[in-house]
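This document starts with one chain, in the form predicted alone, laid out as structure tokens.
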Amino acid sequence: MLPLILRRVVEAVITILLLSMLVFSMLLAAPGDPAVSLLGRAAARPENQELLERMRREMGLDQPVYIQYTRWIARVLQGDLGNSNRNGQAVVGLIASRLPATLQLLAFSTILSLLIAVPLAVMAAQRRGSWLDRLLVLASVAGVAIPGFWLGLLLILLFSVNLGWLPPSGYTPFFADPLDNLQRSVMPVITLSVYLVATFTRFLRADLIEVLRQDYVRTARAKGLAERMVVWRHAMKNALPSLWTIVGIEVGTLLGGVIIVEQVFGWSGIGWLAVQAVNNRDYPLVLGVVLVIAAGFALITLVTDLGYTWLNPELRHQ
């Protein structure tokens, strides 16, 4: 187990470094000037050119790319992600203040999706080829194909504009007002859960159909065990490793894809923060958000690998 952890950690560190180099280079190659963006219209005045050059030097923009990156990564290794070019606040503090909102969406969406997808997959696998199975397969395909931003706007139009049941956008911290927080999280969670439910149902259904064909399942049925016992105690136990892997992959991917949903609903999480940073050409904040998302994805992947090894008896024995 220890060699696996070390190998995955090394791979994650290398991946994060390569990704940070790529994003850093792309930001510097993008048109525009962060100093000009920060100074605004005043940057076009001739009397402010000296101030503009001084700001570029203070921000390190006059240095070659490799020197800028080396200085930035050295600060990162010390736990310092720098300060925002826009408001001067510490990037670590800005990310820490927005991260709980994103984690709440991910946690609620994943839990809700599993509670819906697992029973649906079991029903579809037990009734393979029936009208219910075909309907669930069709619904799964539709759930994967529906764009998240379109579904989010549709929910706002229905529940906020027409019915007036839910607030259309915004985020309220849970401990500040739990009821308002839950009301505002309903539509973003539904938007994310539609895709997750469709994905989990499809994969778990396919695994259960394969498992239910195995000899040990036939033996369990021949012994007179109830069908519910056969499915939930025997078949589901062997389908769990694959389900665990899919959940880990999708949640890790969703950590980056939640940006669109947060923007649609004005949910001020880390995705919303990333969009604001890109619009303001706030290099330190963009790099900090990318680094946190990449580290989160690497951590989720590591936990997924370890969990799969533990759930799979053969791999655990090896």
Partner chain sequence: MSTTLSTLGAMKGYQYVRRRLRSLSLSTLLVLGWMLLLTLMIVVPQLLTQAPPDRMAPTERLQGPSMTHLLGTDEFGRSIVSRVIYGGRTSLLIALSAVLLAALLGVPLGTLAGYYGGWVDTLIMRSQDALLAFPAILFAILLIATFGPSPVNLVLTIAIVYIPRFARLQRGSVLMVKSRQYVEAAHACGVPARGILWRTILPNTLSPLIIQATLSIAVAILIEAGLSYMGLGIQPPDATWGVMLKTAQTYLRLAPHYVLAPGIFLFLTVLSMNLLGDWLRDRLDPRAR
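Here the rigid core means the biggest group of C-alpha atoms that line up within 1.5 Å when the two forms are laid on top of each other. This one's a predicted model, so the numbers in the text were calculated from it and none came from an experiment. Residue numbers count along the first chain shown, from 1.
One more form of this protein, predicted in complex with the partner chain, exists but is not displayed; see below.
For the residues Gln63, Asn279, Gln49, Thr70, the 4.5 Å heavy atom test against the partner chain in the predicted bound form is passed only by Asn279. Though the partner chain is absent from this view, in the predicted bound form it lies within 4.5 Å of a heavy atom of just one residue from Leu154, Ala74, Ala107, Leu132, which is Leu154. Using a 4.5 Å cutoff between non-hydrogen atoms, Arg202 counts as a contact of the partner chain in the predicted bound form. In the predicted bound form, at least one heavy atom of Val161 sits within 4.5 Å of the partner chain.
Contact between Leu18 and the partner chain in the predicted bound form is found at the 4.5 Å heavy atom cutoff. Within this chain, Ile249 is remote from the site of the partner chain in the predicted bound form, having no heavy atom within 4.5 Å. Across the options 209-217, 137-145, 121-129, 173-181, residues that bring heavy atoms within 4.5 Å of the partner chain in the predicted bound form belong to 137-145. No member of the trio Ile116, Val194 and Trp310 reaches the partner chain in the predicted bound form with any non-hydrogen atom inside 4.5 Å.
Contacts between 276-299 and the partner chain, taken as any heavy atom within 4.5 Å in the predicted bound form, involve Val278, Asn279, Tyr283, Val286, Leu287, Val290, Ile293, Ala294, Phe297. Core-superposed comparison between this form and the one not shown: the Cα of Ala12 travels 2 Å or more. Core-aligned CA deviation for Trp72 between this form and the one not shown: 2 Å or greater. Comparing the forms between this form and the one not shown, the C-alpha position of Met21 differs by 2 angstroms or more, with the core used for superposition.
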